[in-house]
Each structure stands twice: as C-alpha cells, then as structure tokens.
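Coming up are structure 1 and structure 2: the same protein chain in two forms, each one given alone as structure tokens.
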Structure 1
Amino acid sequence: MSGRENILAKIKAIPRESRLLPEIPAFEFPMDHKVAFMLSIQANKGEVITESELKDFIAINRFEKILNLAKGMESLSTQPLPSDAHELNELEVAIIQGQFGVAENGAIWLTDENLGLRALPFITEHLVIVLEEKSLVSNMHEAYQRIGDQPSGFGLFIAGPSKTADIEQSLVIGAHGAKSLRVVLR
C-alpha cells in the first residue's frame, strides 16, 4: 500500500456521525421587486431607463457603432455581430437581453445565449441590458434556484458598470469594461 493509499484508508476508518444538511430558510423580501431592483442598480452606479430614454441617449451622444442583440430594438443596431471579438474594439453601445434580475443587489444573469460573443459586455463603452420586469427575483437564493442546471457553458451576473478603486479610495468607473450600464426595464 502506498503512503497516499494508507493515509486515505486511515481517514475513511475514522468514525463519523451522520448529520443532515441544514435547511435553508425562505428569506422574506420586504420591498417591491421593481423598486428594490432600481435602487440597487442606482447604488451600483447604473441607471434604469425607458426605451425612449435609450433612443435619446443614443441620439444626444451621436453614437455610430451600436450592436443590438435584444428583441424588439433591432432598428437601433448599426452593425451586425461579427464572428471575431477583435472587431468589437471600437464598439460604443451594446444592447443585450438579460435573462433575469435580482432585486436585492441589481445583478442581471447573462449566458452565451444573450452575449453572442463573451467579450461583448466588457469591450463596449456603454452597456444596455433589456430586462422584463416579470423576470425579477427577490434574492440570490432564488437566482441560483432559477439558474439550476442550465446547459450553458458560460454565465455571469452583471450589476453595474466596471469599477475599480485604489488604496486611496479613488473610484474609477470603466477601467476594465463598460463605462456605463443602463437597464431598460419593460
């Protein structure tokens, strides 16, 4: 018997009590989901807007490189989804569809199905996520139950624009990704 097998055999021989896993309580969420979600997005330095406000944002800033992957906003797109993420290097606005949002922290769940290219939410200057109000859940417990065993090989929560801070507590927005996050809540 090797040293490794000897150690593992000794560990397995240790008597252990059988214990049940603790039961996770149902956490009550005191606020209206929409109100809590909007407050969370604002606290994360994002903004919840309407479709008309999105159109105004694009017009006022004269954005020319816009990629839309969200349903119902196809007219806003000025370019198709490229096959190579390197072609997104000058993308000004990306509009994508979120699967669901979390009221307690403003996190929005995205998978490959929503992104087209995984680099999309990080390489664009301004990220817009379209989300159905009915898709909001209370907390992360509900969010992880909803994710379950989804077949996607990639998924992430986005809760605001890119942020970083140094030891002097100087906050920099957009250093490692999008400079802004706007959520269109339908």
Structure 2
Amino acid sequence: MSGRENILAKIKAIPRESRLLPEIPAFEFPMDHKVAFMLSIQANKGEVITESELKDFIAINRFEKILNLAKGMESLSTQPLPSDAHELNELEVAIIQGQFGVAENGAIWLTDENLGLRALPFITEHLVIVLEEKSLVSNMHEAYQRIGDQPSGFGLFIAGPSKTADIEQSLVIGAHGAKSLRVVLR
C-alpha cells in the first residue's frame, strides 16, 4: 500500500464527530492606523522614513548597487533586475513596492508581482519598501480579507529586518537576510 493510501485509510477508520468551522468575526481596532503601523515597525526594529530621508540614506552611505522596483523611484536605480538571483549577492539596496501594510504588527504584503525575483528582499543588504499610507489595514483578519483569493505563486508578509536572538537571547539585527528595513510611507 502506498504511503498515501495507508495514511488516508487510517484516518478514515477513525470514528469522527462533527466539529463546525467557526466564522471569524471582524475585530475592532481602536488605534489610528498610521500611528499604530509606525509604532509596530519601530518595535520590529525597522524605520519609517520619507522619500527625502531615503535619498539621504543612499547619499550618505554612497551606495552604488541599488535596484528599484517601486513606482516613482526609478531614478534611484543603478542596475536592472538580473535573470539569476545569485547575481544579487552584492546588492546594497533593494527598493520594492508594498501592496499594503498591517497596523497591528507592521507586516507588509508583497507578491511575485512586486518582487521581480523571490530572493530579492532577503539577499539585499538593505531593504526599502514603499507603501501608500491609504493602503494600511487594521489587523491580520482585514489583511487576509484584502488578499482574498489573489492567486500569486509566492506572497509574503515582511515585518522587519532579518534578526536573531539565538545567542543568549541577545537581539542581533542582520542574521542572513536584509540588515535593515526602511519603509517609505507616502
């Protein structure tokens, strides 16, 4: 008997009771979306900045390897999207358009359509996500309502930079992925 038949037959043999799937209510969110979102990003060790602060960040650090996929920031790009993600290993800054942000936890939804290459937000040294203020939703329930049945092959919530606390519970930013997250809220 194959693994599949074996497993399914065993499950079928177990007597079962009816347990209803609950509906998920819309929970109220008492805070202003923008204020809450900014606090969340800060708590996750990210930063919310303006467009001009982004330009300063790039200028001060003299970044030269910048890849932009966000609307209206094309002039910042110094290189096009390669066909192979391995070529992004030296990338200093990736600028990506986020679809919407979640106030309660700072999570930002991105899909293949925004990413170009799925590795992009991870392999880059610094990540910048551009987000429209009006796109903010309150909590994760509203977030999934908004995602609906969007059929993207890959989607993800990013809520902060890569981090770890695996050495004595000391928080270190920049484990494997992006060493910083900046959100341009506009």
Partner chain sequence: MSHPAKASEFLQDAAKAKWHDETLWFVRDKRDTISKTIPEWEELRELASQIKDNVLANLYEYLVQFEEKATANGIQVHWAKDAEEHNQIVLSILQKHQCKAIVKSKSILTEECHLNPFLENSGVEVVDTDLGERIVQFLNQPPSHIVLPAIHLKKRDISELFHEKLHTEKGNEDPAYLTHAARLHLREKFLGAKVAITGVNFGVAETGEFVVCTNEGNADMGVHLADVHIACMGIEKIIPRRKDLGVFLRLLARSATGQPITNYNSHFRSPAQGKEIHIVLVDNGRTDQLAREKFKNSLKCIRCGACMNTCPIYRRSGGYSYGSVVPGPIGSILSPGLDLKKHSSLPFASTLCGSCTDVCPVKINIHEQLYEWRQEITKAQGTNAKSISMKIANGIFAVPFAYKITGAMMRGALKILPDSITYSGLNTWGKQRDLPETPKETFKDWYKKNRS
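Counting starts at 1 and follows the sequence of structure 1. By rigid core we mean the largest C-alpha set that fits within 1.5 Å across both forms. Every value quoted in this text rests on a predicted model; they were computed, and no experiment measured them.
Of the two forms shown, structure 2 is the one predicted together with its partner chain. Once both forms are fitted on their rigid core, the CA atom of S18 lies 2 Å or more apart between structures 1 and 2. With the core fitted, the CA of L8 sits 8.0 Å away from its counterpart between structures 1 and 2.
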